[in-house]
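Starting off, we have a lone chain in the form predicted on its own, written out as structure tokens.
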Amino acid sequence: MPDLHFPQGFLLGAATAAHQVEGDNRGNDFWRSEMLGLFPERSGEACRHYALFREDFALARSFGHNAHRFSLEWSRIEPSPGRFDDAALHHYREVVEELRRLAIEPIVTLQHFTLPVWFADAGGWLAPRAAELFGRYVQHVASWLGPRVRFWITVNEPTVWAKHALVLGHWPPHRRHDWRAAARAILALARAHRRAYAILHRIQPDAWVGIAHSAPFVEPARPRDPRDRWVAWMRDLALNRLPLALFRRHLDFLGVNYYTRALVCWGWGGTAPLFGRDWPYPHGSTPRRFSDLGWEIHPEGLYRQLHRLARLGLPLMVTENGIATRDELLRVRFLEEHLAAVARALAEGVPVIGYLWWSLLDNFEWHCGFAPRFGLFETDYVTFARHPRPAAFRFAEIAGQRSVTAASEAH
């Protein structure tokens, strides 16, 4: 099979999020939930990335990365309403400058799930002034970092936050089955994004501003069954088409977070008649494969989802893609197959500008704790040493050659 190539300027790197790697983010709502025993583990020192970011970026550069996505911790920057911490802002300026020094493109996420306790206590995203307060924070950050950053992601995975915080109750404020609040929160996040978009472009007219959208590929388990087609259509409407419609007019690019396919079938009970159930059985002639978190491995879904999202007429960046596994051969295969899917889409004219693996390091995976292992680099949580995995070396080869073999996509 022929090689598929990535063009010059294509971004290849990895991603992190502040609370998951920095350590000691004591001022946010997740930390408080951890201290109250509402999470199975505490993030604690996490990966000590706040102190070790220079070493981590040097490691990434030595393995061929030319881009890195990271998030700012709002609660460090604005620890109380309207009071901004210059030391935290200096830190994040140093982070951006270190990436620039290493010729790694910084991709800055302004809000990745965690909220300052004071903001959460005021109602969080459901508060009447939520967009205004977020805008004040964005204004201050953009004034500090300004032209050092080209790519800005305002909010990460609005639908995922609403699901885990207001429907499943895993995350603060730990509400369950509050579908109305979840819908209101997504609308509020869209308003906050629009305000941030305007602020960023006022300060930096040439900025590229987007969101990171969780984009599972939804399809019916039995395409000939109209009930399965109905629930797949409805689930894709709820998870992809409606949320994106709220943001579409204020996006310069779309960040695509892809991990899995949602293979759905019709069923009774709860929301199943409307949104279906996940198909639990073998499907088709190819054995289904799953990560340690039970997420189906389906690279074809990334290829097809990129084609679907290309209809928006926006540049696309894969801002998260990875696997939680302790099987290192499977991790390498996952990387190859999904990069081949991206390269295929590119060759067919889909405007993909970058691919970022989740994650650079093993880290604190929210309510799943430290057990899931997503990192290109293994984190030793005793010594905080980083150890490159086989996938890190394979990533470096692909980045160096700027190509991946199409055959590696096969199951």
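Just so it is clear, the structure is predicted and the values come from calculations on it, not from any experiment. Each residue number is its position in the shown sequence, starting from 1.
One more form of this protein should be noted, the form predicted in complex with a small molecule, which is absent from this view; the next part is about it.
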Pick the stretch from 154-162, 234-242, 283-291, 199-207 whose residues have a heavy atom within 4.5 Å of the small molecule in the model of the complex.
154-162
Could you check which residue among 45, 378, 41, 365 gets a heavy atom within 4.5 Å of the small molecule in the model of the complex?
365
With the small molecule left out of view, which of 57, 358, 31, 63 would have a heavy atom within 4.5 Å of it in the model of the complex?
358
The small molecule contact in the model of the complex: residue 70, any heavy atom under 4.5 Å
no
Close approach of residue 295 to the small molecule in the model of the complex, 4.5 Å, heavy atom
yes
Spell out, yes or no, whether the shortest heavy atom distance between residue 217 and the small molecule in the model of the complex is within 4.5 Å.
no
Contact of residue 261 with the small molecule in the model of the complex (heavy atom, 4.5 Å):
no
